[in-house]
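Listed next as structure tokens is one chain, alone, in the form predicted alone.
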Amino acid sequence: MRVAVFSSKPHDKEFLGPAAARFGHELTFLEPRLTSETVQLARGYAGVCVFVNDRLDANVIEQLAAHGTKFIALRCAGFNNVDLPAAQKCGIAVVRVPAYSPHAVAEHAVALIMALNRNIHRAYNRVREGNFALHGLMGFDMHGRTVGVVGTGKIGAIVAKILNGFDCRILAYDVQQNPDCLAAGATYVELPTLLEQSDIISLHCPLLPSTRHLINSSTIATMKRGVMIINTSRGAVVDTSAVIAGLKSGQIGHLGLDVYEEESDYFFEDLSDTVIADDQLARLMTFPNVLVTGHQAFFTADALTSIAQTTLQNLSDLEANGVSANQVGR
């Protein structure tokens, strides 16, 4: 199958290329994102392979169908950037990678917790300038702290398991209880209870209408003063203006973000020679108790190998059988 790979980076070629050769697919790597302005690049390709910042609205999908595209392969777990009803109407199958390396994301979330707690990011910059003073670097023992895990799928359950090793008290919230999370020592509670009692809150829920701006001015007001919030799920789960206000007031003591609700114009790009025009993102990066990473939680060799394998297997299954175990909206 001929497949156009949009939003491609060097690591995509490194991992998808060899996998495509094994499966017998022909990939064309394209740097631009898939949008209504670039959809013409997909003309003549049976499939497109897309990532989190590609925008597949009804207009794009209709044009893909008109060009003969039959398959959309997401090389990620989320699919909120795809108009699924439009795809179904146009007869285009959509597949995703539901689980690649939950350990990668979970470990990154815990890394953000530890870096913020012990001020590793600040200490790194200080000692490079010859400043070995400890003032302002004080953290706290993880032992005995209460951590709230919001969303307890595979990633959330692994976070609970890791933090159980720190002897934390773990509270969990989800619409369904995960036995793995219970085995890790978590106690399921209602969301208001979790928000009120947690010293650290780690977000691992999908972006749905019910979770959009789950962290907002009202919910922040119910949290412990000085709470740490970590988000490695989806950017829009957090209301950015509300957390900035919380940081300014001291209600939020630490904030770790690997995702940002307006990240599509910035993340995955080198903008070191430009001015960040997003005032909220620029403001976040001025706080000493905020740590932002550019959607890199998934970025391990193990995860990329798994993503490539599953993505190409999905395309092979669709080509051979018309269906895939990882098909969305079927």
Ligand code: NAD
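The model shown is predicted, which means the values in this text are computed figures rather than measured ones. Sequential numbering from 1, following the sequence displayed.
The form predicted in complex with nicotinamide-adenine-dinucleotide is left out here; the points below concern that form.
At a distance threshold of 4.5 angstroms between non-hydrogen atoms, residue 75 is out of contact with nicotinamide-adenine-dinucleotide in the predicted complex. Though the partner is left out of this view, residue 234 does reach within 4.5 Å of nicotinamide-adenine-dinucleotide in the predicted complex, counting heavy atoms only. When nicotinamide-adenine-dinucleotide is considered in the predicted complex, residue 202 lies well away from it, no heavy atom lying within 4.5 Å.
Taking the partner from elsewhere, residue 127 is found to have every heavy atom lying beyond 4.5 Å of nicotinamide-adenine-dinucleotide in the predicted complex. In terms of contact with nicotinamide-adenine-dinucleotide in the predicted complex, the residue from 187, 249, 222, 210 that brings a heavy atom within 4.5 Å is 210. Only one of 150, 229, 95, 160 comes within 4.5 Å of nicotinamide-adenine-dinucleotide in the predicted complex through a heavy atom, and that residue is 150. Partner contacts here mean any heavy atom within 4.5 Å of nicotinamide-adenine-dinucleotide in the predicted complex, and among 239-247, 135-143, 152-160, 194-202 they occur only in 152-160. In the predicted complex, every residue of the candidate spot (105, 174 and 259) has a heavy atom lying within 4.5 Å of nicotinamide-adenine-dinucleotide.
In this stretch, 298-313, the one residue having a heavy atom within 4.5 Å of nicotinamide-adenine-dinucleotide in the predicted complex is 298; the partner itself is omitted from this view.
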